[in-house]
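In structure tokens, the next block holds one chain alone, the form predicted alone.
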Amino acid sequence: MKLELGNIIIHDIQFGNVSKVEKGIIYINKDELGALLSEDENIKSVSFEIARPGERIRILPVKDVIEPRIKVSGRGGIFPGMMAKVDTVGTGRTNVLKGAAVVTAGKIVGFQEGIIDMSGPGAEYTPFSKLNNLVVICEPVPGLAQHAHEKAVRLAGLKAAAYLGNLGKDIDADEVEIFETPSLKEGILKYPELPRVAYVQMLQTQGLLHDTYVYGVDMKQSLTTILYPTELMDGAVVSGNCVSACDKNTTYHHLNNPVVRDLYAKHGKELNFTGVIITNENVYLADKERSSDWSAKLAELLGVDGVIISQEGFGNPDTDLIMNCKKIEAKGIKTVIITDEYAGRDGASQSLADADASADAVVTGGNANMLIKLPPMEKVIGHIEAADVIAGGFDGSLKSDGSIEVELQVITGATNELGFNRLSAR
């Protein structure tokens, strides 16, 4: 599969009478977009704010972050199974509003949601402080069940991102990136001397608001399977979970997966990037055994020499991570795992809930239990009281002056297990 990404560099977002992209600025008609999102009967009210890099703004609780994209040519549409039909995506041309994002916020859905600071020390821990963000604040109708609430906010974010993305459909891109993965047979013939490498991406599917969707299907209902990497770039995988903010893969992460990008950078030069194996992280032991068996089987079927395995979440999924590692290593395939740590505030506790000698090549995104202090901001978008109840916060986290004392896990993307962050260890 071959995909072109046409990046339209965005420098600012402003509200205006007409929605358009002009000279690197997104102009948004709030009434038009608000009417679109208010079609969902589960949303009581929707409002919009703009948060730019460097502004003294705090956003919480953050549900998802989504990059606006639009299919210009090729099969299907962006976010298949959600905003478009379920045609296989990953080919043709997709335009990207690079430097912009939609951030969904509002009343807390589940306690495992996050904070984005646009300036100050907290901003240094999240990549989203560097973006021009349209914040969509969705308040649910009274008494709405949590799963219906999550769905309403998730779809509102995707609708808003698709709406913005469509504004770039006829705009000339500032730069074009090309990504291509040959078929299995073509790859073997084209790069016979290069080591074959696959990427095993673990998707959060523990239930209880821990959901990830693939072509619109909840991944917990699916067996481990294979995707072309370019399918990820067209929105085939969408976040729908409320796991701890620090290592949640937002939809933005899936669209811009750095493991995929780094493997493409070495493809045809140092290695042969054969594809992506996606697998779930279910709760029960039988499900974990089944999914990890399939991960190892598909890695063997692809005939790869090595794999990179990334985790999403912590604790229970640590078992899935180690199962995948052990079983793939047992096939004679070398592995590198990417995770993060919950090692206590002093860093002295066991980092993972499971371990094995075969997991001898590990990349860590940092210790999520590290205690940090976030200064007060001039403006808070959302609900500041959530600081005392979100994962990583505690009773008394929110101080009278508006400052917050919390664990690092409250910051969206801080210890991301795709490596989409600024932390690591040696």
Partner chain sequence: MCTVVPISLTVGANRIVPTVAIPHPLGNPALTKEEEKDIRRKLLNKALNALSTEVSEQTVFE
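Owing to the predicted nature of the structure, the values given are computational and were not obtained by experimental measurement. Positions refer to the first chain, counted from 1.
There is another form of the same protein, the form predicted together with the partner chain; it is not shown, and what comes next is about it.
Chemist: Check each of Glu177, Asp87, Asp354, Glu180 and return the one that places a heavy atom within 4.5 angstroms of the partner chain in the model of the complex.
Modeler: Exactly one residue meets the criterion: Asp354.
Chemist: Can you pick out, from Asn282, Thr91, Thr224, Asn132, the residue that has a heavy atom within 4.5 Å of the partner chain in the model of the complex?
Modeler: Of the listed residues, the single hit is Asn282.
Chemist: Any idea which of 94-102, 76-84, 311-319, 150-158 reaches within 4.5 Å of the partner chain in the model of the complex, heavy atoms considered?
Modeler: So the stretch in question is 311-319.
Chemist: Please tell me whether any heavy atom belonging to His254 falls inside 4.5 Å of a heavy atom of the partner chain, as the geometry stands in the model of the complex.
Modeler: Judged by the heavy-atom cut-off of 4.5 Å, His254 is well away from the partner chain in the model of the complex.
Chemist: How about Lys327 - does it come within 4.5 Å of the partner chain in the model of the complex, if we only consider non-hydrogen atoms?
Modeler: Taking the distances in the model of the complex, the answer for Lys327 is no, it never comes within 4.5 Å of the partner chain.
Chemist: So in the model of the complex, does any heavy atom of Met323 sit within 4.5 Å of the partner chain?
Modeler: The answer is yes: Met323 has a heavy atom within 4.5 Å of the partner chain.
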